[in-house]
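Starting off, we have a lone chain in the form predicted on its own, written out as structure tokens.
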Amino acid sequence: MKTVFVHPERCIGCRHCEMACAIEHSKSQDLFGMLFETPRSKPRIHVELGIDFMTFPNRCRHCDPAPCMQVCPTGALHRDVETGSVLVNYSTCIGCAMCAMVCPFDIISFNKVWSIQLDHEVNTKCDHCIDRQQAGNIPACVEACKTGALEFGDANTIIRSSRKDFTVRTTLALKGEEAPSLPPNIEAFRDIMAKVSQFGTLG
């Protein structure tokens, strides 16, 4: 199964992924058009601030088996056979939040959506940009990420690449040589934020 793999060490908290996700799921699929829509589209990926100003882009892992699917009393959550993505049928979601209670990654949120008229908010979790995938494109969040923190592809292929990179760095270290694990600009950003964090936390 293809998935969005997160490289947290590369995330600088720019939130381009959140913006791209919100635009992709808006009615107009346009930044300025989205700002005037009601209800306004919300991102399905969430970049949260951790310690020392480090950030992590948290999103649905499309688990299998998926606890959210197992507890949904109306069967609103289902799996797409072709992509393996866990999707929501908004018309049968009753907003009971059972799915959010059992989600091991706390990524489910509830909002109103433009595609169906309902009096209540519904589960608006990541849908893996299934429309984009079916059109041969990668998810919007991955396309928008400029630091490589988000990577889309076969999980085993991505892990194998990371493992090979780790092996190269380890063997270089054994020779007494140092291989950079991050691009210089991201490493410089990390150094700056580490110094800023010495002044204390926000708020």
Partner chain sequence: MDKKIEIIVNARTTDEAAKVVLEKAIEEGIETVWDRLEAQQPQCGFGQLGMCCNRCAMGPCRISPFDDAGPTRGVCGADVDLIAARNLLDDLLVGAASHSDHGREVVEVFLETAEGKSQGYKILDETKLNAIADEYGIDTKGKSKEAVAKEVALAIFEEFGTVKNSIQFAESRPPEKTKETWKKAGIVPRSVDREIVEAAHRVHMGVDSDYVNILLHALRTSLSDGWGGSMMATDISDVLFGTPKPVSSYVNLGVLKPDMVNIVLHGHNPVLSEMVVKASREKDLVDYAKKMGAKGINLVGMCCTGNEVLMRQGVPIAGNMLNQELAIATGAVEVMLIDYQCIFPSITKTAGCYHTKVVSTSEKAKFPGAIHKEFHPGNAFDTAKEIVKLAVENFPNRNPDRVKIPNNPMKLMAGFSVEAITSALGGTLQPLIDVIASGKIRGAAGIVGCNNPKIKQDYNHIVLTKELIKRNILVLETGCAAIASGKAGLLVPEAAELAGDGLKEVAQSLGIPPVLHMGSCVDCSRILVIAAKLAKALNVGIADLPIAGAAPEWYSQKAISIGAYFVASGVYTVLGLPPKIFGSPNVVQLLTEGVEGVVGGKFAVEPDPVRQAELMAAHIEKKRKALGI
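Positions refer to the first chain, counted from 1. Treat the numbers as computed from the prediction; the structure is a model and nothing was measured. Definition used throughout: the rigid core is the maximal C-alpha set that superposes within 1.5 Å between two forms.
Just so you know, the form predicted in complex with its partner chain exists too; it's not on screen, but the next bit is about it.
- A single residue from the set E48, D30, E178, D154 has any heavy atom within 4.5 angstroms of its partner chain in the predicted complex; that residue is E48.
- For the chain shown alone, M19 is not a contact residue for its partner chain in the predicted complex, no non-hydrogen atom being within 4.5 angstroms.
- Of the heavy atoms in G148, some are within 4.5 Å of its partner chain in the predicted complex.
- Though the partner is left out of this view, M193 does reach within 4.5 Å of its partner chain in the predicted complex, counting heavy atoms only.
- The closest non-hydrogen atom of I23 lies beyond 4.5 Å of its partner chain in the predicted complex.
- Figure note: of the listed segments 65 to 73, 130 to 138, 33 to 41, 52 to 60, the one touching its partner chain in the predicted complex, with heavy atoms no more than 4.5 Å away, is 52 to 60.
- If you take 9 to 27 and check each residue for a heavy atom within 4.5 Å of its partner chain in the predicted complex, you get E9, R10, I12, G13, C14, R15, H16, in sequence order.
- Once both forms are fitted on their core, the CA shift for R10 between this form and the one not shown remains under 2 Å.
- Superposed on the core, the two forms barely differ at I23: its CA moves less than 2 Å between this form and the one not shown.
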